[in-house]
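One chain comes next, on its own, written out as structure tokens in the form predicted alone.
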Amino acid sequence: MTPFAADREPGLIARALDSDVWHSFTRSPVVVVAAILTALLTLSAVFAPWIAPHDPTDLAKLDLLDSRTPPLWLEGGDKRFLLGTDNQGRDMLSAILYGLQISIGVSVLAVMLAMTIGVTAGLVAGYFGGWIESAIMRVADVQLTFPAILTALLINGAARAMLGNKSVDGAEFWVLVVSIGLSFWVQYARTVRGSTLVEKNKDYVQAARLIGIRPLAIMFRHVLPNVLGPVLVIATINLALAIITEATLSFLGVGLPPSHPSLGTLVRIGNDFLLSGEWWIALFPGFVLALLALAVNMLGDWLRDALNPKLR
């Protein structure tokens, strides 16, 4: 050991494990369970093609004679289908895993899109001010008067009308991403604008201006890192909202086609068979959807409290 080894600063991992956020995380068993559930569901979605017993997207392997088979533990169950099958003969366990992949993928990309648009708009509005700020904030105020699901429906309908039925067949995934993303950017813009108004008057920004650094470089290299705390909290909470919004759109029939179902599509399909006794088609996807949204939402609530200095 060198004489100065003891004087070295701790590494990134050591600092993270010694932070207030980590201690707040480990002291809450509920949050730990929520994190584990989120991780397990996300990994299940990522590795769905390898761990799913069947491929529900391969129509050539589906057999209508297997349709509406009950779960294994019920009378008439089949050992090939642990959670039963839907109306097309798809294994429910495999369909849920693939549905998780679609729901999480749409939600994550939509939140990233909303965060990119909102953070950029908030930085520009807060830093430059004037008519630019007024224009951006008025657009945000107008959008706030509409519920997120209504905004997503309007954007989704407009996109499908512009693309046409033939062109949209392979673009439903990205239409969902854009629809949900454009309905969530306002929160980021308003939060980042307020933080930028505070940060731009601080000494480090004034010093950067004096030495001739360009405004865009100041915004994204100096101001942005100091306003990301609230953005991460909003992104986590919005992820749960995006999951619910995607499921709602799919339930209303404007999501992905039944051949590539998300959790919301599976619930919509199962809803048609509830009265005939095939409850498992809607119950199992609905349970997984509720579990995922609840776990992510609990993580967002914890992160909001953990990053709030007034609650430490």
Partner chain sequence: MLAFILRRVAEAAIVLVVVALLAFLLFRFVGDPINQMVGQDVSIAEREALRAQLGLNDPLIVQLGRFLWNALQLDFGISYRFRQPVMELIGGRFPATFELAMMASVFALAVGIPLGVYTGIHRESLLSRFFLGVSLIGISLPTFLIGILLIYLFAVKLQWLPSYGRGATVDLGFWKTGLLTAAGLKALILPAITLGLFQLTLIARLVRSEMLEVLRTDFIKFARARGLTDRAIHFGHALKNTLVPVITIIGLQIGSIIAFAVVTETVFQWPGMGLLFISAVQNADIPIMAAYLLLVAAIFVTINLVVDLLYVIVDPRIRVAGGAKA
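All figures in this text were calculated on a predicted structure; none of them were measured in a lab. Positions refer to the first chain, counted from 1.
Beyond the structure shown, there is the form predicted in complex with its partner chain, which is absent from this document and is the topic of what follows.
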*Heavy atom to heavy atom, is residue 267 within 4.5 Å of its partner chain in the model of the complex?*
yes
_Proximity of residue 286 to its partner chain in the model of the complex, heavy atoms at 4.5 Å_ = yes
*With the partner left out of view, is residue 42 within 4.5 angstroms of its partner chain in the model of the complex by any non-hydrogen atom?*
no
*Report whether the minimum heavy atom distance between residue 146 and its partner chain in the model of the complex is within 4.5 Å.*
yes
*Contact assignment for its partner chain in the model of the complex, among 124, 153, 224, 137, heavy atom within 4.5 Å*: 153
*Only one of 217, 228, 158, 171 comes within 4.5 Å of its partner chain in the model of the complex by heavy atoms, so just point that one out.*
158
*Is it true that 98, 112 and 114 each have at least one non-hydrogen atom within 4.5 Å of its partner chain in the model of the complex?*
no
